[in-house]
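Only one chain is given next, in structure tokens, and it is the form predicted on its own.
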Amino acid sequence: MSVVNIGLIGAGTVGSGVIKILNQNKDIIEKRTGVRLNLKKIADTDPDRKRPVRLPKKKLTTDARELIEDDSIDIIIELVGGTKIAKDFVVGAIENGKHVVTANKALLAHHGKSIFALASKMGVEVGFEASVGGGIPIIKSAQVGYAANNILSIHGIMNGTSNYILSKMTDEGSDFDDVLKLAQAEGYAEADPSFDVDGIDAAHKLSILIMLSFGIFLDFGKIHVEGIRGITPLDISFAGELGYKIKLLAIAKSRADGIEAGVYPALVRMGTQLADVSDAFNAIYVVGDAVGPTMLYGMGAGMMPTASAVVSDAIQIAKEIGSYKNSPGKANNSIPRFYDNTKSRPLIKMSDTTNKYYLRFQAEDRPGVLGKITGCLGRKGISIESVIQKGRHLGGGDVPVVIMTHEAREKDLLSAIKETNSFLSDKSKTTFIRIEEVQ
């Protein structure tokens, strides 16, 4: 039986899960693969902190370079996070001829192209299944399962924290701030939840799926990103009355003139697969021209699901090592192929996209206001599907007016909203949310 030595950099939550799986499932991994994964060294800046697993002291070091420069180590698992130190570790490992496994979506979203190019040059693998969807095997599906397809669209619930918050707000009618505090208390949200609730984490993951699905490395800063801080119980209630739920979606669509890509809250019709994804679960809905609509579902984060994906990458690389070890250029089964570019397939501006929309205006309760709103929309070529106006009072005051539109160009919608804001009493509360009609 061949033995493959592994060096683990970062023994935090996910790293502890990796250690647990390698200890607990050692025998079954060997029986299935014919390979023994030997965790030879572990690097962590705080080896004495409490962990759910015991770390053998003889394998511990605080210096990651010891692992990177150890000629006997075949695979480096990087789990430190961030984009600066992690990049140094990953690049150093590749330059030393080592294969790399990482869960670091931010690193790949910002520096993936150069990392994959270096790995290709050095003839080593980069496994990154855990970077998107935790334990959901979406990376391997994109690389192999959908390889025969022209990918038409991707709709993903890719951030468990945001989905947990929106699920709680929907089920309990609670405010965002109250549910965020609960999510932090229960360990679903960080003390600084910005990456999760502002859509950045989901956008990192989306950029990786775009690499694999469309062969393009996008400038991450150009991807349209919105979060869920502005979603209110009122909008969730109206969406429910109209037959929809609000989800934070990461979306990519293939068009003849380019790629649409963005992360934003969207109305999803009740009873569909994505609408039914609740709590901290993730789901990724992919449509291919040959396979049709498919969906992968599961825990998108957490110690064990993410560690499962990390170890699966290590297993795959370990199984292949014997056939190309010390043979630069023979590997790279996992390296994305950038066969297209942003000149031939540009990123389409959100203002040039076409969608159906949910609109909520705060309008003064007096005759003629609704007519003025619908008139503004009509002048911009936006047709109306339905209208809800509630809360009429004898004493007047502001009331919510909710309008569902047919498909319209976003720049026309924004122009119409600008015009309506010129006469609304509370223009700051004008809300628009895109509607995504997926099965």
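On a predicted model such as this, the values are computed, not experimentally measured, just so you know. Residues carry their position along the shown sequence, with the first being 1.
What comes next is about the form predicted together with L-homoserine, which is not displayed.
**Student:** Quick one: which of 243-251, 155-163, 70-78, 216-224 gets within 4.5 Å of L-homoserine in the model of the complex, going by heavy atoms?
**Tutor:** Heavy atoms within 4.5 Å of L-homoserine in the model of the complex occur in 155-163.
**Student:** Are 350, 412 and 434 jointly within 4.5 Å of L-homoserine in the model of the complex, each by at least one heavy atom?
**Tutor:** The answer is no; none of 350, 412 and 434 reaches L-homoserine.
**Student:** Looking at 266, 317, 236, 301, which has any heavy atom no more than 4.5 Å from L-homoserine in the model of the complex?
**Tutor:** If I apply the 4.5 Å criterion carefully, the residue I get is 301.
**Student:** In the model of the complex, does residue 196 have a heavy atom within 4.5 Å of L-homoserine?
**Tutor:** Yes - in the model of the complex, heavy atoms of residue 196 and L-homoserine come within 4.5 Å of each other.
**Student:** How about residue 201: is it within 4.5 Å of L-homoserine in the model of the complex, going by heavy atoms?
**Tutor:** It does: once L-homoserine is placed as it appears in the model of the complex, residue 201 has a heavy atom within 4.5 Å of it.
**Student:** Under a 4.5 Å heavy atom criterion, is residue 98 part of the interface with L-homoserine in the model of the complex?
**Tutor:** Result no; residue 98 lies far from L-homoserine in the model of the complex.
**Student:** Which residues within 83-105 place at least one heavy atom within 4.5 Å of L-homoserine in the model of the complex?
**Tutor:** The one in contact is 105.
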